[in-house]
Structure formats: structure tokens, C-alpha cells
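Before any questions on binding or motion, here is one chain by itself as C-alpha cells, the form predicted on its own.
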Amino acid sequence: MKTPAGQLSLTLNTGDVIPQLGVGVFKVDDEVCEQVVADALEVGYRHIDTAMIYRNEGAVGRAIAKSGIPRDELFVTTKLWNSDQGSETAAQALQTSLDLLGLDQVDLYLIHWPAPLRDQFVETWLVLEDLHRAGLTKAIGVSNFQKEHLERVLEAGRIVPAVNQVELHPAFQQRELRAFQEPLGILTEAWGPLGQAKYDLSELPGLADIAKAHGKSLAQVVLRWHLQEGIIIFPKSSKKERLQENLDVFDFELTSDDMAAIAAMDADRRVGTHPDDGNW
């Protein structure tokens, strides 16, 4: 796909290009999601991250259809929910998502959680490989997988996941997991890249000084840090002005000292669900 001018992209292990900054629609109600996605597309986003469990794939699809933007200029990710894991149900789940999105193919399809108590993620991964070969998704990956989950998928499958989407923000940087997966060609995506407002960014020591030096907000500095770390991000907002602000991070660069200072903010502070507990 074509990445908008001035924005950054990464190359997946499939050879496909993914815009590094997208928009997420987690907890965006269906009735407002269409406008949020329309606003995001209008201000310049071309990467949209949704999921079956968000119950807004239909709204995403309507916004895409009305935008008039050529399909090859968009990158669309959706995810398989836990209750649809298994060899008998995963394929139909993707077809349902495609129908709701109004698309023949998604760019990236993820297993949303390993759900280890269900213990179906390995057989589900093999179904995703079939869906990829059938052309229903350009790339396949996982979300919230830890090292031990990835190892089982890598042992059983023939395709290396293109991405692993995990909780990641300055207070929880996932250095050990990244050191394992990225050399294998698995890119890291961050959900909750700003900490999901579960802590105040101003609490992070030195972040305000970095923001002041660059004339940017705390959030813009954190988003820029993710980009320079090589992480794919999709911050969420239902406000058009905030969507624009989050996109305004391509006109400055953090110094090596800035990057080191933010790296030192890691406190191993998970604020979301632990992957072992995501068994709904």
C-alpha cells in the first residue's frame, strides 16, 4: 500500500507495508464509530485497527465505503475473538468480519488472546495459515501472546506471525518479549501506547522536560518514542482535534538522550489484563 506523505511505515515479514501510526476503535460504540473513522481518514490516517469483540466492524466498513479512498491505500486489521477459536469456527469468524467490513480481504488478521485455559490457539493458528493461503487476509499475527505462546505457534506452524500486538507504554516496555520476537521477524504493535489514561504521563520523570524542549505535548512525545522504537501504534480518540494532534508527530525527532531517558521510565507496570487471564 501507499503510505501517506511524511508518515512512517514498516515492512511485514510478508513484504507488505504497514503504516506505523494508525487509529484504534477499542470501546468506540458502533453508533459513533463511523464518524470517528471518517474523521480519521479525513485528517490522514490510513491504518485502522478493530476487532470482532469491539462490535463496530460494520461502522468501520461504512466509513471506508463512504470515504472513496482506494482500497490499496488502506490497511485494515481485525481480530478473532476467544469464543471463535478452534478449527471448526475460526474461518467463519473471519468471513463474518469481512461481511461486516464490506471487504473481500483484510490486511492483517490476529488471534486476539491466547486464552490459555481454552488451549485452542495453536489449532486456531493453523486455520489462520489456511485463511492466509486462501487470500482472505494478507498477513496473520497474534495479540497478547507471551514467549511461551509464540514458541508453541512457531513449533506447530509454517508461517511466522507478522506481528504481536501487546500492551506497551513507557511504564511497561516489554523489552524481554521484544528481544525474543523481533529478531524472528515478528513486529511489535502497542495497544494502550499512552497507558490507557491509567496513570498520568506527567508522573513520568523527565517527560515534561522533553516535551518542552520539542514544543510538543506529553502524548506526542510518547507516540514519537514508540515510532522511533520501531513499534506500530494506534492511539484511540473520538475527538477529531485529538486525532489530528496524535498524527502531528512526524515533524520532530527525539534525541538519543531523550530515548534513553524514556527507556529509563520502564517500571514493569502492566495496567491491562495479563495474557494468562484473558480467557473470556
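Start at 1 with the first residue shown and count on from there. Just so we're clear, the structure is a prediction, and the values are computed from it rather than from any experiment.
The protein also exists as the form predicted in complex with a small molecule; that form is not presented, and the subsequent description refers to it.
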Notebook entry, point to check: Is the small molecule in the predicted complex near all of Gly24, Ser143 and Asn246, within 4.5 Å of a heavy atom of each?
Noted result: yes
Check: Can you pick the one in Trp113, Trp125, Phe75, Tyr109 that has a heavy atom within 4.5 Å of the small molecule in the predicted complex?
Finding: Trp113
Note to self: Within 4.5 Å, heavy atoms only, which of Ala197, Ala179, Leu117, Leu184 is in contact with the small molecule in the predicted complex?
What the structure shows: Ala197
Margin query: I'd like to know if Arg62 sits close to the small molecule in the predicted complex, meaning any non-hydrogen atom pair within 4.5 angstroms.
Written below: no
Margin query: Can you work out whether Phe234 and the small molecule are in contact in the predicted complex, taking contact to mean some heavy atom pair no more than 4.5 Å apart?
Written below: yes
Next item on the list: Determine whether any heavy atom of Pro193 comes within 4.5 Å of a heavy atom of the small molecule in the predicted complex, and answer yes or no.
Entry: yes
Notebook entry, point to check: Val221 near the small molecule in the predicted complex, any heavy atom under 4.5 Å?
Noted result: no
Item checked: Answer range among 34 to 42, 235 to 243, 248 to 256, 62 to 70 for contact with the small molecule, defined in the predicted complex as heavy atoms within 4.5 Å -> 235 to 243
